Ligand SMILES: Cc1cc2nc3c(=O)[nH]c(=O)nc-3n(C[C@H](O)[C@H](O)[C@H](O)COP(=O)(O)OP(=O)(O)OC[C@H]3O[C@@H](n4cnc5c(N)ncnc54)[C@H](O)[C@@H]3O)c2cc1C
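In structure tokens, one chain follows: the form predicted alone.
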């Protein structure tokens, strides 16, 4: 995307085409301006347009340019934080409300895909959170217990059951979450864009917002080519925020994450590696994730940036890792490689910000963007439509606060991942 083959990799090669768009040029008015063409912004646009509101979406680059078009494609339920810990972080009301909303998030995603016929390689067979050693098994056992007491359809698998589902014996067990699944993320976000446009929303790409100023009782949102006046502004730029809401980016520590995709595997390997097509990630601090696409490519990822010395280091480590996990693969070559940024907040939970009157947004998805972005976009639409008061939202209003040593932490993550991967899997 934007002539960078490492921005979206396989996803750009296999996604459906986006809607035909052009930069904003001129002066317009709408009920709502949405800044950002990712999961959150386009979900909000779709739900608002379906309710009869006039909506203009302003995207600085292309649909899905940020995390929405680069991620692994796991439709996860919940967040990284243990379920029982959310009330302690957010209070009982918001904690349980967020758990319920995000626990049901994958079903919301799948229902939107079904309703609008989005071709995005949806798999509904769940995800596997795999235990590395005794400590990993302890972690997923406790996570399973906490979800099960809330009635969630999760199941703890032993080592043999895990090996049968994945095709490798390296894990001590796995947490199977039947609510979850996988999809082609760029295809999904482009599908949301098509659905929003069909519902009546207007979408402008190549239209970065340079200012947002008061305009009578509303707001004037300006780009280099023009402006839109509106009563409401939704900020849906998250980790890739620039311009008037650059403080949203500064609130997060960027964690680089890469993905590599093999060539399509032959039928015998496709039947032995992830035969159920679940999405997988492990309990390591520098985690790994993998899954199959619809053509039988194995998509493998971890923490790190594919730039400078990182490209060779991470690709070399990935080949060694796959050789240990799946020796039946033989020598591995990657057909596609790409990477992006995960925005991490200090407590690994998202935020709701009211920047000004009627200027609002959710952010800080911590690597869990597909389901949270979709349901938060729908939630923002409900709030603007008057269906949800501010007190009914799943998160309290908070101010943006820059974490200490942010730049140093980001450099540490990038360099630390290289050091770990340079040394890893060599024995």
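Positions refer to the first chain, counted from 1. Treat the numbers as computed from the prediction; the structure is a model and nothing was measured.
Missing here is the form predicted in complex with the named molecule; even so, the following discussion is about that form.
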So which stretch, 24-32, 57-65, 395-403, 382-390, is the one near the named molecule in the model of the complex (non-hydrogen atoms, 4.5 Å)?
57-65
Hey, in the model of the complex, is residue 219 touching the named molecule, heavy atoms inside 4.5 Å?
no
Is residue 191 a contact residue for the named molecule in the model of the complex, using a 4.5 Å heavy atom cut-off?
no
How about residue 73 - does it come within 4.5 Å of the named molecule in the model of the complex, if we only consider non-hydrogen atoms?
yes
Consider residue 241 of the chain shown here, and say whether it contacts the named molecule in the model of the complex, taking contact as heavy atoms within 4.5 Å.
yes
Out of 83, 126, 340, 173, which one falls within 4.5 Å of the named molecule in the model of the complex, going by heavy atoms?
340
Which residues within 14-43 place at least one heavy atom within 4.5 Å of the named molecule in the model of the complex?
35, 36, 37, 38, 39, 40, 41
